[in-house]
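Single chain ahead, written as structure tokens, the form predicted alone.
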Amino acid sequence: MIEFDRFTLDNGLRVLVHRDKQTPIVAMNIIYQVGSRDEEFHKTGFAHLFEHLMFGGSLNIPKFDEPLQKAGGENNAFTNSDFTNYYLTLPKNNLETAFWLESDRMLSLAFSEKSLEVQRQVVIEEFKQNYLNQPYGDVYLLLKPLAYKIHPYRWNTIGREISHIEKATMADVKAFYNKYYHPANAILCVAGDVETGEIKPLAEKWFGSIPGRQRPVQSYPQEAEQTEARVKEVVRDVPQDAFYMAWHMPARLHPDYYTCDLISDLLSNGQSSRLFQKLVKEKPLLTEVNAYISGDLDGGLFLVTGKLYPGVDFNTAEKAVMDELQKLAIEQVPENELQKVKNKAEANLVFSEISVLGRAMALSYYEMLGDAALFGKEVEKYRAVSVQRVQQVAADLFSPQKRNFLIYKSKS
């Protein structure tokens, strides 16, 4: 259990404080509750673009990185479908520098045509390099709209197409910033050898005067239950044939989220996992195979992917994979096999608590889910998953008519 204090400023900023006397480093983590699911269908990629723009300078700080580096700090950020996360670490004696930096760009980002154009080109180049010109790079540009028909998860964080970023205007960018980048839509966590008594005055000093705004109402169209299998086949200049199967799975706060996570580990976590043993080691049908969950808040995807061994056809590989998935629905998993993946899940949670930054990020994330204290209950939720529930969830999850299947053929 990670101990923390919580308070909220008058402008709506939620602040968490976690004390760790053992470290001279302080971590600051800020989550803005905006991701690619908050974008418009014809204006995608904005959340990711903003991750870049937020480092382009603010009203009083032309270069964000420069004063942080002088203070001995480091920083980074990431964007996903559901939120954008900014984080930094620095020595405790320079803690106020972090408050100055983060509050200034929350208050007034320095919008300039030059900054927008520079970051626009960076994002466009990233789109081309990682998604269009990279082998297998466009997989999720194809798979997501196959699986999602109305939910905004149907486009990638990078955006639906390059033209949306190319055509982004200064008015578009400012409107996005004003809607989502303000105190009421943010969660701030400070972790290190600090006390709430010293953090609260700093939060008031640097963030308290930022005008409060109404937090945007976040409502997303929900997918109807899938009743027909969907298949898409493409041919690409890649070294191996590959496949990508995806099924809809429960939302992040649903109890069966944990069951799905453990099922993915049963299938492909390590060389003793089921898919690796059967399809890579025993009968060499695949050169690699993976099962994992996307982890999206509003109902993500359970994915099974693999690359085919030379000479193996798609029908053979597909049948072998589906047979292994159906075994989970037909036969109960042995208790010791389930316990092994539970132990791994618990170890991963414990490992995430080791660094002070890991704790700051975890507390911010679970506060966004509804209560930072939820993090301390994760282990018991994994422990509560039974072999009977694994069987029941697998039977429903891996239904053939609910499958989305991307066949990715090599030209050669």
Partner chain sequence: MKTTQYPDRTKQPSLGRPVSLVLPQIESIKLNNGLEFFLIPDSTQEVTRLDLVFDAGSSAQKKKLQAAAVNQLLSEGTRQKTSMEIAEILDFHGAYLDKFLSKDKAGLTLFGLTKYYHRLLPLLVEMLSEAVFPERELKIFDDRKKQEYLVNIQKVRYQASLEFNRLVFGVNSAYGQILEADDFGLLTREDLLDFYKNNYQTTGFYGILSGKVDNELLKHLQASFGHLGQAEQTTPVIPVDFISPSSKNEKLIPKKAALQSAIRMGGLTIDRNHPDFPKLSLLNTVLGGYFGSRLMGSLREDKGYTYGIYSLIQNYRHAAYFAIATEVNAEHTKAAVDEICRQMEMLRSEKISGDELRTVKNYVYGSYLRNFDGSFALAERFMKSRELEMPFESYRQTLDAMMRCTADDLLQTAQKYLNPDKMKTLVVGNTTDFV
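Positions refer to the first chain, counted from 1. Note that the coordinates shown come from a computational prediction; the quantities given were computed from them, not determined experimentally.
Not on display, but discussed next: the form predicted in complex with the partner chain.
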- Item | Full three-residue contact with the partner chain in the model of the complex, heavy atom 4.5 Å, for 65, 126 and 209 | yes
- Query: Of the residues 163, 121, 332, 214, which one places a heavy atom within 4.5 Å of the partner chain in the model of the complex?
  - Reply: 121
- Query: From the list 185, 156, 84, 269, which entry has a heavy atom within 4.5 Å of the partner chain in the model of the complex?
  - Reply: 269
- Query: Any idea which of 198-206, 214-222, 169-177, 250-258 reaches within 4.5 Å of the partner chain in the model of the complex, heavy atoms considered?
  - Reply: 198-206
- Answer for residue 148 alone: is it within 4.5 Å of the partner chain in the model of the complex, judged on heavy atom distances? no
- Message: Taking the partner chain as it sits in the model of the complex, is residue 354 in contact with it (heavy atom to heavy atom, 4.5 Å or less)?
- Response: yes
- Does residue 152 make contact with the partner chain in the model of the complex, using a 4.5 Å heavy atom cut-off? no
- With a 4.5 Å heavy atom cut-off, would you call residue 237 a contact of the partner chain in the model of the complex? yes
- Message: Just to make sure I understand: among 253-282, which residues lie within 4.5 Å of the partner chain in the model of the complex, judging by heavy atoms?
- Response: 269, 270, 271, 272, 273, 276, 277, 280, 281, 282
